[in-house]
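Only one chain comes next, encoded as structure tokens, the form predicted alone.
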């Protein structure tokens, strides 16, 4: 059985048993849906509309998509193919946080660059194959517990900003694991639904700190709201770190020594309110700029701004499967998010079922509490969630 047929059959069995778990989004009759079929050319089938949850479930069960999406937007006529004829009524505010956009040390261990002509694999970025000279080099991004946990931390930062700086209640916010590299945050709020793309861009600029410069901040005080307060809190936490912790996040030895030396004075300024110039005087201009840039990166949230500003965006449908991993797209409450581990809790297939696969070249992955791989040109018996992950990623084929 070829890989595509194998994956589709497993997805078919999953939906045959679990399709009733899929809940339609609010105002389902006003949403556009899109589905990626199981075929070599994975062109999305868009502009589908459903009157109710039952019809949506029946379609998924029969069609068996590789990936399923619905619109953040509400339309008068969601099935119309031309956007101008759909009749846009508004859209949820959507945020996408992907571990691809977060600089984590683990990337050096598991990301690679592959020549599409000769298959040579490189561990560092290259635009040209060092083996055959081809310029057809593709970056291969992997996932692990470390980078997925980093994405979760960014979600928690985002939720805090939405509540403290925008007054967005947790009750109007939905959190969803995407099924692969990160999380989607949905805000369904009647006061925000009519926001146009430019207005949404102002929100993304604020959250990412786009255009924020050092000279724009008048003072740093942990009791303040907004960027001044957030940076002050971040600097406060930074100053409390041990020297080895400061070094581990990339600060120079000179900078670490200066922070330790001036720690108590900096903390006093941040607690009692100090002009930014006072902190700069304590640390020196060069050290202060390095510390500020580190604090800025920590205080901002690396959201995908294109997703938020797109008022016609299609987003993954919760409780469906992700075609590149075989994992479930999982809706989460804030309480469940804290303990959620995608590589344990988003598995769609039973771990007690094993299957043999022929693995071409795959990195290690920790799934269900066990580590598998790396593998190269070998046939191995693996639990179904692990085998599905490798096959979905194009790293393995069913053996026998």
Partner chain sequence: MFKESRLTTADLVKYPFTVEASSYVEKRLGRLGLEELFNPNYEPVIEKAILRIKRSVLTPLKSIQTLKEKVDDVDVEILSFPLAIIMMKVVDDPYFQRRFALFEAKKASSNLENEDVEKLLEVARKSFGWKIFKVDGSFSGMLKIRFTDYLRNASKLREDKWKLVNRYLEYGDVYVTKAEAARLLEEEIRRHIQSKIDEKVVLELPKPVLEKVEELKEFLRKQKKSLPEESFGRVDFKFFPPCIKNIYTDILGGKNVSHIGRFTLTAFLIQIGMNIDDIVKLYTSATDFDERITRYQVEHIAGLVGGRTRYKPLNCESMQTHGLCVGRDEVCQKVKNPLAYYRRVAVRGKRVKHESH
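Numbering follows the first chain given and starts at 1. Everything numeric in this text was worked out from a predicted model, so none of it was measured.
What follows is about the form predicted in complex with the partner chain, which we do not show.
Novice: Would you check, heavy atoms only and a 4.5 Å threshold, whether residue 164 touches the partner chain in the predicted bound form?
Specialist: Residue 164: yes, in contact with the partner chain in the predicted bound form.
Novice: Does the partner chain get within 4.5 angstroms of any non-hydrogen atom of residue 199 in the predicted bound form?
Specialist: Residue 199: yes, in contact with the partner chain in the predicted bound form.
Novice: Answer with yes or no whether residue 225 is in contact with the partner chain in the predicted bound form, where contact means some heavy atom within 4.5 Å.
Specialist: So residue 225 counts as contacting the partner chain.
Novice: Check whether residue 125 has any heavy atom within 4.5 Å of a heavy atom of the partner chain in the predicted bound form, and answer yes or no.
Specialist: Result no; residue 125 lies far from the partner chain in the predicted bound form.
Novice: Spot the stretch among 101-109, 287-295, 129-137, 226-234 with residues whose non-hydrogen atoms come within 4.5 Å of the partner chain in the predicted bound form.
Specialist: In short, 226-234.
Novice: Under a 4.5 angstroms heavy atom criterion, identify the one residue in 192, 303, 299, 269 near the partner chain in the predicted bound form.
Specialist: Answer to the contact question: 192.
Novice: Would you kindly say which of 119, 243, 209, 174 lies with a heavy atom within 4.5 Å of the partner chain in the predicted bound form?
Specialist: Selected residue: 209.
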